[in-house]
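The chain below stands alone, shown as structure tokens; this is the form predicted on its own.
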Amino acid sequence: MNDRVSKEMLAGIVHSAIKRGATDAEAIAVESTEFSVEVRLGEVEKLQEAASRGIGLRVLHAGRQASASTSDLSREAIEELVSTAIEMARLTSVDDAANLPARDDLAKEVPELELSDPEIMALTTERRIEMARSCEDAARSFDVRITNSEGGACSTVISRIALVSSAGFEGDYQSTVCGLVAAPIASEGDRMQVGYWGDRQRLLKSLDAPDVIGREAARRAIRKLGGRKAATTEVPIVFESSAAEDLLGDFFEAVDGTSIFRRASFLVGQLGEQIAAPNLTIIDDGLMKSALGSRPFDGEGLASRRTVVVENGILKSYLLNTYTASKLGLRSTGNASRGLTGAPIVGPSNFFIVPGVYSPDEIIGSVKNGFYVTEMIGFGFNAVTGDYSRGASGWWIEDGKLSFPVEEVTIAGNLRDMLHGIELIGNDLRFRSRIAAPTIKVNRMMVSGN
């Protein structure tokens, strides 16, 4: 990436903010080049590439804070950036928890996490078009019931983040991401279903092959054909790994320090308590090599780390940034996430359920009568009470086998009970995003259908 924003430039901005009266300051630069191509029925429908570069400044002034950003790197624009941020800070309310991290807590080194791949950087436009086309072709040729397509797509992101703060931190790192997706349409009679499948990885060698993704997308489209509602009943639920990831994403909201200090989570005051079945362990790990949520330091310059959130069903830690840690009288877990503007929020690193020993087939085989959820729809989680209700589709299980496809039903329960009711955990953990989970079986939930 040419004409990078140097750490020296960011340090100069921080120094200028302090000189003009800021108590503390923090400057961040985000630079990225994004490419995407969409192919439908073998033809390129959309091709775009965009480069962006911006600087964000957060200042603290006597317990007040504000932020501003600019994409103009001229001297005049930088001076205006500093002036604007300081003036805004003077107008905001005092918040004693708004502070930069303590100097001793800042990252002292930048570990090598293999976040950047020269192979992704070297991909030509032609090669990325070929990958998208191969993805769609594999889906379209999988079965005669694949009669149409919403397309195949390939995307890449090459980015760099640099951060400098008056607390004494300076650091930067570069990362890459490549993604592939296919969305074929299956039809049978007058029924049509779209299958969707994809993969995203930091290293090209870790990405599923285009034909693998295409065939899986087609398989998912076909298995949805003939779906119908199931009878309303209370049965065991098996969450396929992708559906379990949705469930884990809702659980993250409950352990987010923001929800905790606002007392907007059913897990408030539960540290050290048994909040789930003894077979459940959940970890947030920002130091996994080449993983999508890994980074050498968080959005405030704290070293990334591995945090055990739940161990053998016991709640061990919330996930915190400096602000939420201050509110709760705890220490940050290095989970600050931020963009160019705004105060840092709490975000996951690589947030996952530790896999068990059972294959998905073994888990399905353990169910006499139940529901195998492959897709969840909409939002229906109340973090305050734990009440859980989501639209779902998948397959009905009879005598340990998938019997018929199910659609347009709702699954409901309470996340507190669901966590305690986890009976089996699969061995099929695979990271395709920052949140990952294997197949899991919950002993009982309500399915609302006919």
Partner chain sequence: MIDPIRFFTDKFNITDAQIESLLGTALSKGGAYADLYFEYTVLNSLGLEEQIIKSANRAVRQGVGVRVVSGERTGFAYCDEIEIDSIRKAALTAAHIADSPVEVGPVSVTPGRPELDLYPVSQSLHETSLEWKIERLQRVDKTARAVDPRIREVQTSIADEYKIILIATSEGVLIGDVQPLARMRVMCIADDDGNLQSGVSGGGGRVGVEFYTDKMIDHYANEASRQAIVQLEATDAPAGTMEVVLGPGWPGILLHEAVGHGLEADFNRKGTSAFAGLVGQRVASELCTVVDEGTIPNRRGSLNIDDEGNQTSRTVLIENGILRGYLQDKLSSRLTGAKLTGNGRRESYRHMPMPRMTNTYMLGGESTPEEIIRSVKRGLYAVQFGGGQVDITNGKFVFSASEAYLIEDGKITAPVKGATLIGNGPNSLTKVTAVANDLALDEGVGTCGKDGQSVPVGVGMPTIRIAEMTVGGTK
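Just so it is clear, the structure is predicted and the values come from calculations on it, not from any experiment. Residue numbers count along the first chain shown, from 1.
Keep in mind that the form predicted in complex with its partner chain is missing from the display, and what follows is about it.
- Residues with any non-hydrogen atom within 4.5 angstroms of its partner chain in the predicted complex fall in just one of 163 to 171, 259 to 267, 102 to 110, 197 to 205: 259 to 267.
- Although its partner chain is omitted here, in the predicted complex all of G342, D387 and R390 have a heavy atom within 4.5 Å of it.
- Among T281, S242, S134, Q193, the residue placing a heavy atom within 4.5 Å of its partner chain in the predicted complex is Q193.
- Contact with its partner chain in the predicted complex, defined as a heavy atom within 4.5 Å, holds for exactly one of L287, I275, I185, L123, namely I185.
- Interface membership of P405, defined by any non-hydrogen atom within 4.5 Å of its partner chain in the predicted complex, is ruled out.
- Its partner chain is not shown here, and in the predicted complex it never comes within 4.5 Å of any heavy atom of R127.
- Contact check for V44: a heavy atom falls within 4.5 Å of its partner chain in the predicted complex.
- None of the heavy atoms of E398 is located within 4.5 Å of its partner chain in the predicted complex.
- Residues are counted as partner-facing when one of their heavy atoms sits within 4.5 Å of its partner chain in the predicted complex; in 220 to 244 these are K224, K229, T232, in sequence order.
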